Ligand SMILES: NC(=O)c1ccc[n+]([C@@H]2O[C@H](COP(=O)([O-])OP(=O)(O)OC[C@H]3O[C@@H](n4cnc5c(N)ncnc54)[C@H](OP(=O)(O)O)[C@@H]3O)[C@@H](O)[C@H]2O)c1
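Below you'll find only one chain, the form predicted on its own, shown as structure tokens.
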């Protein structure tokens, strides 16, 4: 059950099962989730920095053991962002902390960054505070010499491709069970292809982003499900003025479940 203050802001209760892997995105009406080839802080731009969206982002982070992102998502934020509940919505910081205590979570979720090439800026605030970088053997040696000591670097691939199973092996080995991913679309596409996503929280912003060449992406990039699209099951709908907050299950209901 949510603490009273969070429940009031959310407009009801919210529970996320321990061990779940869930995603949070915002998209435009025309389905764009990343602009400028993913090099811009797309979520804030597309949502218009909507406060309801920022509150939900913080709330979903508050449930998680770890926030899983690709290196492109970190670069796009420009070096000052933190992937903590209170950073994105400071007004609910006390409620987020109360929720984490009730869930017996660590004080903040661990930021986990996946990068095959090692394209990270050591001066990024999130790396100075401390993150968990999953990368290839080739990139790991360089990153260990350049990233702040607060950040752990672990090689989980011998070649140039990082497999989804290896990501989750590393997470579980560190006791990180309940995982929120905030993308980007390439990483999310790999996770969906591997049937790793249990739920998707999607904010639909009342905006049209448009598309030109390969500068704009939807939620999924780099994989094609062809004539067998991945089905979703709508669990809830909330609205704040013209923003919609949708929750989907991306896996079939368990036998006897709702």
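Keep in mind the model is a prediction, meaning the values are calculated, not measured. Residue numbers count along the first chain shown, from 1.
The next section is about a form of this same protein that is not shown, the form predicted together with the named molecule.
In the predicted complex, which of 205-213, 23-31, 58-66, 228-236 comes within 4.5 Å of the named molecule (heavy atoms)?
The contacting stretch here is 23-31.
Considering non-hydrogen atoms and a 4.5 Å limit, does the named molecule approach residue 175 in the predicted complex?
Residue 175 lies outside the contact set for the named molecule.
Should residue 39 be counted as a contact of the named molecule in the predicted complex, where contact means heavy atoms within 4.5 Å?
Taking the distances in the predicted complex, the answer for residue 39 is yes, it comes within 4.5 Å of the named molecule.
Heavy atom to heavy atom, is residue 78 within 4.5 Å of the named molecule in the predicted complex?
Result no; residue 78 lies far from the named molecule in the predicted complex.
Given that the named molecule is not shown alongside this chain, does residue 90 nevertheless sit within 4.5 Å of it in the predicted complex, heavy atom to heavy atom?
Flag for residue 90 set to no.
Of the residues 133, 162, 171, 126, which one places a heavy atom within 4.5 Å of the named molecule in the predicted complex?
Of the listed residues, the single hit is 162.
Can you work out which of 116, 82, 166, 140 has a heavy atom no more than 4.5 Å from the named molecule in the predicted complex?
Exactly one listed residue reaches within 4.5 Å, namely 116.
Taking the named molecule as it sits in the predicted complex, which residues of 185-209 have a non-hydrogen atom within 4.5 Å of it? Please list them.
Going through 185-209 in order - heavy atoms within 4.5 Å of the named molecule in the predicted complex - the hits are 185, 186, 187, 190.
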